[in-house]
Each structure stands twice: as structure tokens, then as C-alpha cells.
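Here you get one chain, nothing else, as C-alpha cells; it is the form predicted alone.
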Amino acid sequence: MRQTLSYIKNLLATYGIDPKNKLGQNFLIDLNTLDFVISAGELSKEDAVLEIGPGTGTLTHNLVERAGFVLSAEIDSRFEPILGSLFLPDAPFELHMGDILASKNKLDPVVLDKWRAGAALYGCTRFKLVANLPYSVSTPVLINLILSEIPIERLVGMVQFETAEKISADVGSEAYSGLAVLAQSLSDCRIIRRVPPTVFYPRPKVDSAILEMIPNSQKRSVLCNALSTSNEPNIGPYRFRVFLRDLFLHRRKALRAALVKMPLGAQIPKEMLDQLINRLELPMQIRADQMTHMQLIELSKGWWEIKNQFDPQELSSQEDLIIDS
């Protein structure tokens, strides 16, 4: 079923639904763009696909036709009767009514359990996200998914163009931030198409982009080897997230000044910070937004080693470290 503009307008009118801007309800009406998103997902029956914000099901039908299993998570209860009537009961599809996020920095474990269970039931060996993501949750959804230990093979999301720029930004660019460093330290990111407002109803006020993120196990191993502990061998990415959050709050300051501003930084002798910077062969005046991913990983490793001398208490779980970056 191809949902055109007239079809979607009639459907919304039938159910008395007025799209909510705060929920990012902009429905894809351009069939060429829809086909491009589906193609970018590189779907097969081996794939268990997570879709977030299905709305009227524009993308959902195409996903179910091509994937082995589809789990769609929709927060707006007004769309439940529409989505619940799309498929026969034996279709490889499950609708989850609720928020994908348990909090801003944590995915709902119920959704993840349903995704795993659906994959097992239908014999899927790969996990993918393919979605027209609501702008309001796109960043926390993408970051928390690549941080999760689900072996996701590919994420293809329609997001606000500014968000896509921030995630895929190069070192030294204006958009380069802790978000870009974390995303690119765990995955290979690229913008595969810029999308104008005209392909949506209602039209958003800004351009969108189709963003591709391919989780990279080698990159993840580098983070885990550098920053994990013997008690928690997978905690490295979460520690890096905390470090980047604290450091990039002071991204325009020279490195030592930025480190001093971090939690416990004022308690650490400046000589120790200078020794760390010199050991890593970094210029004293370099700023966080001028450093490469590997430089920041090595700096984070040295910072945690020093920090533990002044605050040896280990955080007890990954959840303690899931803090906005």
C-alpha cells in the first residue's frame, strides 16, 4: 500500500487525528524518498527491524514485505487502531504502544526484549533500525542504540539535517562535538541524502537527512580495551560518553583549562594534568574540538587513571554512566 498525500489526509480525517508538532509527526509522502529509505536499509528476511514512530504506517508496510520481522514502537495512542489493522494476525509484525525511551538516556528494556524475542521467533540473524525518526527523540535513540549491546548491523534514520551534521561532523568543523566523537568512535556514519520539507506532511520548517550508521565492532573493542574495568569489561563506551560530556562543556578552552573545569579537575594538581598532556604529545593550547577520536580516547584513559587516584570509588553499573553527551 502506497500512502500518498491524499490518502494520509483522508486517513487522519477519518480518525480525527491532528498531527502533533511536539511529537515530530511529519509523515513521508514522497514515494521516491520512501523507496530510497527502504533501499538504504538493505533488507532481507534475515533482518529483525526496529521502526520508531510509524504513524500511519507509510514505511511499515514496506518493511514487513522485505524484512523477517518488524517491531514498530509508537507513542501516540491515536494511531493504535490504524496500525493494529494493517496486517493479519500471523504477519511477522508486532506493535509496541509506548515510548522507546525509558528516560532520555536509557532505552525501554521491554522494547529491546520484544525485538530480541521477535528475531528469535522468526529466525532473524541481524538487527537493524529503519525509521522516519521523530526529531525530538532521534539523537537519544540513535546514541543509546549504538551504545547498547544488541549486535545491530545497520541504522538508517530520517532525522533533522542539523542532527545528521552533528553526528557525522569532522574534527575541526563547527558541528564537531562530543556527540560526533562518540557516534564515530562506535560506528561509521554518513549522510546519504539531504531531504527537503516538501516530502513530508505536514511540512517541517527545516531540511531533513537520511543518516546511515554502521556499528563497528573494532572501534567498540578499542573503547572497551582502553576504558573498561576488570569487573565491567563492556563499560568503556559509557565511560567515554561521560568524559566527552564533561570535556566538551568547555570545548573552546585550552585543554588543561578544560580538564580543570571537569568534575574533580580542580582537586588534581596541575602538574599531573601537564604530565598527561605531554605524555600524549598534545600541544598545551589544543582544544577538545581540535582533537581526533583516538587522541580523545587516550586522553580519556589517562583522565580516568588520574581521577581514580582522587576518587577511587567505582561506579557500580552501566546505568550509572548513561548520561547525556
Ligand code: SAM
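Residue positions are given as counts along the sequence shown, with the first one as 1. Not measured: the values here are computed from a predicted model.
Missing here is the form predicted in complex with the named molecule; even so, the following discussion is about that form.
With the named molecule left out of view, the stretch that reaches within 4.5 Å of it through heavy atoms in the predicted bound form is, among 181 to 189, 126 to 134, 208 to 216, 237 to 245, 126 to 134.
Under a 4.5 angstroms non-hydrogen atom cutoff, the named molecule in the predicted bound form has I52 among its neighbouring residues.
Although the partner is absent here, F79 is a contact residue: one of its heavy atoms lies within 4.5 angstroms of the named molecule in the predicted bound form. At the 4.5 Å threshold, heavy atoms of A119 stay clear of the named molecule in the predicted bound form, well away from it. Residue contact with the named molecule in the predicted bound form: G302 places no heavy atom within 4.5 Å of it. Remark: none of the three candidate residues (N105, T139 and I143) comes within 4.5 Å of the named molecule in the predicted bound form, counting heavy atoms only. Note on the partner interface in the predicted bound form: the residue among L223, V195, I100, I152 having a heavy atom within 4.5 angstroms of the named molecule is I100. Residues L23, G24 are the members of 5 to 24 with a non-hydrogen atom no more than 4.5 angstroms from the named molecule in the predicted bound form.
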